[in-house]
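Given next, in structure tokens, is a single chain: the form predicted on its own.
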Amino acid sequence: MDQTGQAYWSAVLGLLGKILAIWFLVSFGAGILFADALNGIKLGGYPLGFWFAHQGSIYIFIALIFYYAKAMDRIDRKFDVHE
């Protein structure tokens, strides 16, 4: 694989690693590990830890899908492999 290919896959894997880390922190961290600490804060009348465990992680996941698509388009254009 040439230098451009290695740089492209490095950028793709870096983006994927960051997105998976955010998803893990929000879904597992905020929804399970830090739920007791977050439950002291109310959001719409519900404890924040409960909200993250049920709805917040889904909203963040959807936002990450759109961010991933936009960032991949940027990476593809930078390395001239776009459609």
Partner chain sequence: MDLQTMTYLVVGASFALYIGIAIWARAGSTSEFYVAGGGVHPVTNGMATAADWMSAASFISMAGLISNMGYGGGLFLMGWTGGYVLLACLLAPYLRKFGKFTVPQFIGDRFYSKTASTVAVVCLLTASITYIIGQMTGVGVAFSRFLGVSSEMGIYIGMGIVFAYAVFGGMKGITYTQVAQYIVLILAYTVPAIFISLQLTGNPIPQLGLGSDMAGSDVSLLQKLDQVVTELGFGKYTTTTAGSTLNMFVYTLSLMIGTAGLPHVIMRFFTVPKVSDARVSAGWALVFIAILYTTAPAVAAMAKMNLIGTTNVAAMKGGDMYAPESSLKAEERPDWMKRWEKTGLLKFEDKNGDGRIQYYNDKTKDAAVKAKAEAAGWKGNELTVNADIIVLANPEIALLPNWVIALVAAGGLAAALSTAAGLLMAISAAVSHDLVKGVFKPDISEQGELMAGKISMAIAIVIAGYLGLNPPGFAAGTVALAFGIAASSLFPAIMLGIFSKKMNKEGAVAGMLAGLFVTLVYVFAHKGIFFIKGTEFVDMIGGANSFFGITPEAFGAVGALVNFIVAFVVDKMTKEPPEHIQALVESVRIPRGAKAVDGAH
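None of these values were measured; they are calculated from a predicted model. Numbering follows the first chain given and starts at 1.
A second form of this protein, the form predicted together with the partner chain, is not displayed here; the remarks below concern that form.
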Exercise. Is there any non-hydrogen atom of Gly40 lying within 4.5 Å of the partner chain in the model of the complex?
Worked result: no
For this session: Indicate whether Leu16 is a 4.5 Å heavy atom neighbour of the partner chain in the model of the complex.
Result: yes
Problem set entry | the partner chain contact in the model of the complex: Ala11, any heavy atom under 4.5 Å | no
Problem set entry | Within 65-82, the residues that have a heavy atom no more than 4.5 Å from the partner chain in the model of the complex | Ile65, Phe66, Tyr68, Ala69, Met72, Asp73, Asp76, Asp80, Val81, His82
